[in-house]
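Quick heads-up: it's one chain on its own, the form predicted on its own, in structure tokens.
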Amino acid sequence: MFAACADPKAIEGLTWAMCYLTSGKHLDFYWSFVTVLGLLAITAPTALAMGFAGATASRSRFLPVSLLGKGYAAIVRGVPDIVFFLFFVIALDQGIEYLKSLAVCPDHSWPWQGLEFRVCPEAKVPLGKSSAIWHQAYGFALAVFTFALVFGAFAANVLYGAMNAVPKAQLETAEAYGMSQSQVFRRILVPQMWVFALPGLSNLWMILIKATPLLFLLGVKDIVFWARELGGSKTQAYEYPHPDWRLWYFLGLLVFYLAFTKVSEIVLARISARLSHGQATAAGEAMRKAG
């Protein structure tokens, strides 16, 4: 990156450290932190939306819709996360390519040849001739959807319980005042359920943060991948030879995750205090007495 770094084996001391920490692979390592934060920023609201849809469907009086919502939460929560990540991403990728092959492949042949899945080159997603950034973006999109689908099922279970925790007397009173069911849902149920849902959603947020190293299973090079790659012992065949430094890299990740979760706890605590204000809950009663 710098002119002084042209020959890494001819420098030492602070100059060597500066060149080492600004090498191309280290820049990829630093960018992987942005990738993880981007995943969390997109996945969290997407999973919450899917969970809200699942919880709302579970409360539906129309039996097929109710079974769909409850089935989504039960099936996804019943499968180990790592198995789901390994299986679902492959199945989703092959499903997309199969549907595309029906439109672009001339023979529309069945893509399975024994145990191998093959489609025509035009049906590959992304195309083989596409630049690397499109392959990375596609892998990231699959990762976001998979994370959102998994954690959306857990969020659906949390929100379903929170909806049931809202006192039914308030819902019945609103109906007695002439509100329709949709008005009761939007004006009474949803605003009050968040105080009951926040503890469970807070736990899910912490679990989601800790689950980000699973990105490596989905083909995304995350911070754990680069820490292991850069920290491993490097011989003289590499530009910057060094002994096994994985301990220091993983200690850095430990500090990052602890700091991130601590900041999350502070923010969630403030949100909880704000939602509990004036609510007929244990936290709200404690705030009333303190006031």
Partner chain sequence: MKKLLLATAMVAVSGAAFAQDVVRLGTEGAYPPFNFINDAGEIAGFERDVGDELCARAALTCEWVTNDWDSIIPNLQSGNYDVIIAGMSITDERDEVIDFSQNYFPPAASAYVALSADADLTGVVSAQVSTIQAGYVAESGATLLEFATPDETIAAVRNGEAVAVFADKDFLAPIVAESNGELMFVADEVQLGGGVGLGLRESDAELKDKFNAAIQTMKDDGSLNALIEKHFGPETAKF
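Numbering follows the first chain given and starts at 1. None of these values were measured; they are calculated from a predicted model.
Absent from the display: the form predicted in complex with its partner chain. The rest refers to it.
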property	result
In the predicted bound form, Ser180 touching its partner chain (heavy atom, 4.5 Å)	no
Contact flag, Ile90 vs its partner chain in the predicted bound form, heavy atom cut 4.5 Å	yes
4.5 angstroms heavy atom contact with its partner chain in the predicted bound form for Phe140	no
is_contact(Ser233, its partner chain) in the predicted bound form, heavy atom dist at most 4.5 Å	yes
Sole residue of Phe216, Tyr98, Phe145, Phe185 within 4.5 Å of its partner chain in the predicted bound form, by heavy atom	Phe216
In the predicted bound form, residues of 225-239 near its partner chain [heavy atom within 4.5 Å]	Trp226, Arg228, Glu229, Gly232, Ser233, Lys234, Thr235, Gln236, Ala237, Tyr238, Glu239
